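Starting off, we have a lone chain in the form predicted alone, written out as structure tokens.
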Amino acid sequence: MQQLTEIRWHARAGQGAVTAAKVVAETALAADQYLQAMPEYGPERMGAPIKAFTRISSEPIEIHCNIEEPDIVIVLDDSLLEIIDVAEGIHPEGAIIVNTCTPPEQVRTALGVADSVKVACVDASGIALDTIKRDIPNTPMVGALIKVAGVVDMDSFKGLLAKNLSKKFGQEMIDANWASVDRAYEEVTVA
């Protein structure tokens, strides 16, 4: 039986959602899974709302479209909750992970999702500012994703993250990103 996981990412341009979607997919590939990762851009300007999509499967993926009924929704900027229906189409047993300081119970109420949907919250921006010294919440959000949904292996993700970062940065930035992933994994709360 095919195990297909569909993830929809909501962010603002410049927050690293497209990169995170690709690295999560590449991590699944390293675990002999099939994958798709694709962005959906609107106006291409810093701060504009964007979507990205990731599909991970144990068998070849034969659908090639945007994800309308995600198993997991990841929101890198909580200001999007006021302007976009991020819960649209969420699977009844799905999960929504939000970068926010707001408790998950309040986010659940604001989104109006069923009790069967997991709602998880983590201050990924705060973690990113503390660890990598920039408000780019993508790597902490993957740490939260790993804790909440377990779609990829932590060590495999960190290894691929180090490989990708080493092309542009030194070990200090790699260590800071690893710390951000670990902190989000530990600090995410679920309702």
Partner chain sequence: MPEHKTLAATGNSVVAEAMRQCKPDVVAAYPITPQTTIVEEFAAFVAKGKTHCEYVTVESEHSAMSACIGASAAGARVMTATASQGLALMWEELYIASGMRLPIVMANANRALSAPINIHCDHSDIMGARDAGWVTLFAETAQEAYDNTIMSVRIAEHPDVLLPVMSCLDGFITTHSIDRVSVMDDESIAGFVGDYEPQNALLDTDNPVAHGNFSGLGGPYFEFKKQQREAIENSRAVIKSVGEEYSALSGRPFDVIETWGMEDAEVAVVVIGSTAGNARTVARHLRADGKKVGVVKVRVWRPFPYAEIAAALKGLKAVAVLDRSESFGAEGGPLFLEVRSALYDLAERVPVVNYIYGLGGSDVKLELIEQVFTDLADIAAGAAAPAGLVYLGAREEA
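A quick note: this is a predicted structure, and the numbers were derived from the prediction, not measured. Residue numbers count along the first chain shown, from 1.
The form predicted together with the partner chain exists for this protein as well; it is not shown, and the discussion that follows is about that form.
Interface residue in the predicted bound form among 154, 162, 48, 38, criterion: non-hydrogen atom within 4.5 angstroms of the partner chain
Here the answer is residue option 38.
Partner absent here, but in the predicted bound form, which of 132-140, 145-153, 29-37, 118-126 has residues with a heavy atom within 4.5 Å of the partner chain?
Flagged stretch: 29-37.
| query | With the cut-off set at 4.5 Å between non-hydrogen atoms, does residue 66 touch the partner chain in the predicted bound form? | reply | Within the cut-off, so yes.
Notebook entry, point to check: Does the 4.5 Å heavy atom contact test between residue 22 and the partner chain in the predicted bound form come out positive?
Noted result: Residue 22: yes, in contact with the partner chain in the predicted bound form.
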